[in-house]
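Here we start with a single chain on its own, the form predicted on its own, put down as structure tokens.
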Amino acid sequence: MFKSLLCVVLSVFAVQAMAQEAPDVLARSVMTDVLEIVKTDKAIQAGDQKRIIDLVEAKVVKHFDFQHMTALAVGREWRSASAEQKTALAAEFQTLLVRSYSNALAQYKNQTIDFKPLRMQAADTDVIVRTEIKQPGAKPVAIDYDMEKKADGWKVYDVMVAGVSLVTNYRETFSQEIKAGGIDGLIKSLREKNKQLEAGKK
């Protein structure tokens, strides 16, 4: 359920936007295009994993700050990691999220997205874009996006699905991995999970 809903999280921010665009405008402007691709692409609907991953990497990745997301998920141990370890962690975490969400993206059918009014001041550089996912035969699910304004535009650095933070959802697992094997142990664990996902789609 959590992963299937997060496919919508990624799809909302799926096309390149100008840095000047407000975060809610960005979300609204790209929604129709991306959901149309998902609904009409026969290969995606048939579960073509490579096509789905290509879609996510081409249209989604650049709108997420995976470095920031990884730092939040790792927590205080991030400060003690070397530059090389940080780079490796962010890369593996990004791969994990992209592959997990690519699997979930194929499950998108008839959900619709309702955008709530944005509470934002002109000088704000950190905002929450609130949305609600409506699904036939089910209760609406709130999905909120924490977004930060960067030099190249607004980036998502955390997502709240039904009140559950994406980065917090991973933090406990990451903490356990670090306690057991340090930062390198976490990197190794993420690599193994990514290899398993890669093998699973073949």
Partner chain sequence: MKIRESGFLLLSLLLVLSGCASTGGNPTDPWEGVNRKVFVFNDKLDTYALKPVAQGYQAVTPLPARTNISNFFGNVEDVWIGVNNLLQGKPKDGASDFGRFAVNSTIGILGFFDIASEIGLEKHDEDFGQTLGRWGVGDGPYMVLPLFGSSTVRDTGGMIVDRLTYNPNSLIKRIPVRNGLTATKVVNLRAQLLGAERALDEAALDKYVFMRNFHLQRRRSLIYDGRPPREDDFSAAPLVEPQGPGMLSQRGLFDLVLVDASSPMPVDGE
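Positions refer to the first chain, counted from 1. Remember, predicted model here, so these are calculated numbers, not experimental data.
The following text describes the form predicted in complex with the partner chain, which does not appear among the structures shown.
- Shown alone here, Phe115 lies farther than 4.5 Å from the partner chain in the model of the complex, counting heavy atoms only.
- Looking at Thr173, you'd find a heavy atom of it within 4.5 angstroms of the partner chain in the model of the complex.
- Interface membership of Lys139, defined by any non-hydrogen atom within 4.5 Å of the partner chain in the model of the complex, is confirmed.
- The partner chain in the model of the complex is approached by Asn110, whose closest heavy atom lies within 4.5 angstroms of it.
- Using a 4.5 Å cut-off to the partner chain in the model of the complex, not one of His63, Gln85 and Leu89 places a heavy atom inside that distance.
- Along 58-78, a non-hydrogen atom within 4.5 Å of the partner chain in the model of the complex is carried by His68, Ala71, Leu72, Gly75, Arg76, Trp78, in order along the sequence.
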